[in-house]
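Just one chain is shown here, as structure tokens, and it is the form predicted on its own.
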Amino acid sequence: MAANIADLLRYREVESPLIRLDPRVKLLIAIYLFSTTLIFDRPFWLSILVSTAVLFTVWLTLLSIGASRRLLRTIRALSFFLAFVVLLNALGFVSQGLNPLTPEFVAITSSQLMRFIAAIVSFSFFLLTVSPEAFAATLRSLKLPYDYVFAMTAAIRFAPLFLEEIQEVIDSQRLRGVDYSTRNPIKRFRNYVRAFVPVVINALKRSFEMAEALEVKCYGAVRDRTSFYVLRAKGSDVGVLVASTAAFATLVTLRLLL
């Protein structure tokens, strides 16, 4: 599971028009997709249809860079959260004296599950097609303080490594006889605690090493920073921006008319 989620955060350089697109445009498209899943909450059939369209759009964009399978593995990694949503809905129906085994429950739950998945993956193509340098430049173009930009960029860089390290520790402990498939919740919790302890220690060591490296490089000594990576919009970026904005405006107008 950790390795699947790490795939969602890992950037890989490929030659594609989508990769060359301005990251600010891709960020805006991701916001449009996320907002679309939120505004179309009713009726349920329309919510499912719109969420499916968002998922299909993200899948097509990732297919162009050969990352569609990584998206499917990430969706499978969300199965625990999806089951939790179903359980909460069932408990809500039971608490109100309603029968959860009805078409209404199926429609409501299916709509929420599709919206949840679409909202999660709406930003996946942005993370998969934007390098850490472009991500930092995008945040800086929004006039965010550089300290926050650096922290967020470092999190994007090290999150996949952290998740992969968790998976490696779990696999190594399984080879030593630790049972992570036990049905006893207490034993399973203790096993995962044993896995997280070395990972947290290594993360702390890595953070101290990064702090020392930043200190050696005189981080923060100059207030007005310059950047080698500068974002410059092209004609194709403007065209994609106009088209995506027009499509989102059309969807918002449609939602207001319903």
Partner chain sequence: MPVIEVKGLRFRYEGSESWSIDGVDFEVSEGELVLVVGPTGSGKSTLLRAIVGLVPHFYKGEYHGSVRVCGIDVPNTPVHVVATKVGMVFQNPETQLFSTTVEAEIAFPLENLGIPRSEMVVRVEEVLRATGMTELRKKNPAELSGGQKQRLAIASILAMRPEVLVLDEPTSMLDPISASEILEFVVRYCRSERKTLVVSEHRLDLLVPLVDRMTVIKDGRISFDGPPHEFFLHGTGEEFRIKPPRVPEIYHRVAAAVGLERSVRVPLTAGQLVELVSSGDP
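Residue numbers count along the first chain shown, from 1. As the structure is a computational prediction, the values presented were derived from the model and not from experiment.
What follows is about the form predicted together with its partner chain, which we do not show.
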{"query": "Region of this chain that lies against its partner chain in the predicted complex, out of 218-226, 49-57, 191-199, 35-43 [heavy atom, 4.5 Å]", "finding": "218-226"}
{"query": "Residue 126, heavy atom within 4.5 angstroms of its partner chain in the predicted complex", "finding": "no"}
{"query": "Proximity of residue 233 to its partner chain in the predicted complex, heavy atoms at 4.5 Å", "finding": "no"}
{"query": "In the predicted complex, residue 132 touching its partner chain (heavy atom, 4.5 Å)", "finding": "yes"}
{"query": "Distance check, residue 206 to its partner chain in the predicted complex, heavy atom within 4.5 Å", "finding": "yes"}
{"query": "Among the candidates 174, 73, 187, 157, the residue which, in the predicted complex, approaches its partner chain to within 4.5 Å (heavy atoms)", "finding": "157"}
{"query": "Every residue of 31, 137 and 148 near its partner chain in the predicted complex, heavy atom within 4.5 Å", "finding": "no"}
